[in-house]
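Next up is one chain by itself, shown in structure tokens, the form predicted alone.
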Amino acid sequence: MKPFDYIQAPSITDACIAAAEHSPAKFLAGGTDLLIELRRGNGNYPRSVVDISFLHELRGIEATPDGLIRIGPLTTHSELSSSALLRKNASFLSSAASTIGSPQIRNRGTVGGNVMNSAACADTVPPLIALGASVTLQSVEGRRTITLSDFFIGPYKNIARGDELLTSISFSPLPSVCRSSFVKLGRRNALSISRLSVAAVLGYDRDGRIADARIVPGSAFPVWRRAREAEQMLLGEEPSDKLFTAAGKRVSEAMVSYTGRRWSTEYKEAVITILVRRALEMCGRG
């Protein structure tokens, strides 16, 4: 591990000042990704590490007065998975968090770290994009809020500057007519990094037809995106195995059109079709 300056920030403002004055800097939250990166010593190695893990104002899950749900970036995966507020209003986000790593990693790793690390296999990102979540970034120059679907530009890349600190994640609760699900496939049943995943939401009208459809695959596209090609074919239809399978095939076709064919495509084509079908089936039949 190369040497770096360690700075413990007593406030959000101090953290932003430290990151600006000691650039290039990295923010330390749970450290489950950053410490591995520092040990490898490659890439954009920081001059300083700004420890924000003691900032209690960056923790917690709450309903805001304007009807949103706000999550602090230092909220751990364990806290996401056990939150009664999320289980009621965004249950698939809790489900996704519960699949990450081991209990030790879930107790230490944070949702903010999962977002900012921007790995294609990040399990909390597909549900957050399906929820239409936004992130707020803060620096010495001020704050800005960005829709999460516009935040990522590539694997391990996002539009945040090095001196910008993620201070909140917010989204609207799912309507009561909606049901959600998250499924993933890894190389093993535990401590597994997602090879492919799917977050799905289905909402129904009074006749039991699909009125709202959201499908967000993980590790399938160069950057996360809703599979609107498949979503559109679901709207106005009655749920069925045939329909859900066709939607899965549509996602598979979209994946290939974006990524082209490579050594893993034959495997991923079949798997993403099945995962989408399963995710939609888990959303119920209205």
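Values in this document were obtained by computation on a predicted structure and should not be read as measured data. Residue numbers run from 1 along the displayed sequence.
Beyond what is shown, the protein has a form predicted together with a small molecule; the following relates to that form.
Contact with the small molecule in the predicted bound form, judged as any non-hydrogen atom within 4.5 angstroms, is confined among 205-213, 127-135, 99-107, 84-92 to 99-107. Using a 4.5 Å cut-off to the small molecule in the predicted bound form, each of 36, 112 and 122 places a heavy atom inside that distance.
Checked against the small molecule in the predicted bound form, the residues 31, 60, 236, 222 give one hit for a heavy atom within 4.5 Å, which is 31. The small molecule is not drawn, but in the predicted bound form it has a heavy atom within 4.5 Å of residue 52. Although the partner is absent here, residue 164 is a contact residue: one of its heavy atoms lies within 4.5 angstroms of the small molecule in the predicted bound form. Although the partner is absent from this view, residue 226 stays clear of the small molecule in the predicted bound form, with no non-hydrogen atom inside 4.5 angstroms.
In the predicted bound form, the small molecule lies within 4.5 Å of some heavy atom of residue 184.
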